[in-house]
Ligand code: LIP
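Given as structure tokens, the chain that follows is alone and in the form predicted alone.
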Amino acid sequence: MPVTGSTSDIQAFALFAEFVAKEAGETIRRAIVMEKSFDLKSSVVDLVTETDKAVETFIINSLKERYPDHQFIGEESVAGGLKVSLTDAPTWIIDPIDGTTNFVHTFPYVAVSIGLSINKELVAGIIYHVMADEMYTAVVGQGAFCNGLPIKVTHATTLQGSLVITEVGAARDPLRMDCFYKNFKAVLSTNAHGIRALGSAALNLCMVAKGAGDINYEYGIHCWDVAAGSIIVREAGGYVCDPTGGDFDQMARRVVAGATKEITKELCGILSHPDLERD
């Protein structure tokens, strides 16, 4: 079928991706309670399982059969040696199990994350919270939803009294950890109500989108961690940017996503930034 990038095209793409994500979630739901083995990727805390690989293969094959002219960026495909290549073509950006460490430990905070980019712009996001059976969706200009019901960010404009979400990440080198601790201390000094780190970048963004958290920041993530979630936050009324305060770049491996521009800019003003290679 011809790809126009029209709203109706994108809605059709997203609807089919929802179906694929739900099917993938069934595989994850069955596997999470079983005994698991895992391999290491970039570090001793960067894990991958056979379920990650099988689910990604299923998602890509399902989408490719339906949309043979589309392109794909998948976490496990890249880990296996494929290069990240984002072009103007419709490109699906896939994390088959966001929260693999949680999955390995049977901690029920795991998600299937599928973003869609056309002309290098994110136009749709689908995130399936597997164990909660919650489907988060957004199409550009059409709002954000959880299980078909509209979701909205909070009205928080300041870090004081807010709930902040972040992650440690897989890199544990001294410079990266020093930066993490510095940022953690800076956030707590604002009298934020608390900081949460639950192990899934995609679901952390969904928590901001649905108003369960006020702001999320993270360094060291990849495009497949944030592609879907960033558009869901924006369509829920939130503000997404680079931690320096500039425009969000899904390939820059860092993100701040807040309920309002005011709280987001406040957080950007106190963060320290580690050096990161781009995707």
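Numbers follow the displayed sequence, beginning with 1. None of these values were measured; they are calculated from a predicted model.
Form predicted together with this ligand: not shown, discussed below.
Of the listed positions (C179, A170, A132, A89), a single one reaches within 4.5 angstroms of this ligand by any non-hydrogen atom in the predicted bound form, namely A170.
Only one of T100, N183, S117, T154 lies close to this ligand in the predicted bound form, with a heavy atom inside 4.5 Å, and it is T100. Within 4.5 Å of any heavy atom of this ligand in the predicted bound form lies no heavy atom of P108.
E235 falls outside the set of residues with a heavy atom inside 4.5 Å of this ligand in the predicted bound form. Not displayed here, this ligand is approached by G199 to within 4.5 Å at the level of heavy atoms in the predicted bound form. With a 4.5 Å cutoff on heavy atoms, E218 counts as touching this ligand in the predicted bound form.
Between 186-194, 90-98, 154-162, 139-147, the stretch whose residues reach within 4.5 angstroms of this ligand in the predicted bound form through a non-hydrogen atom is 90-98.
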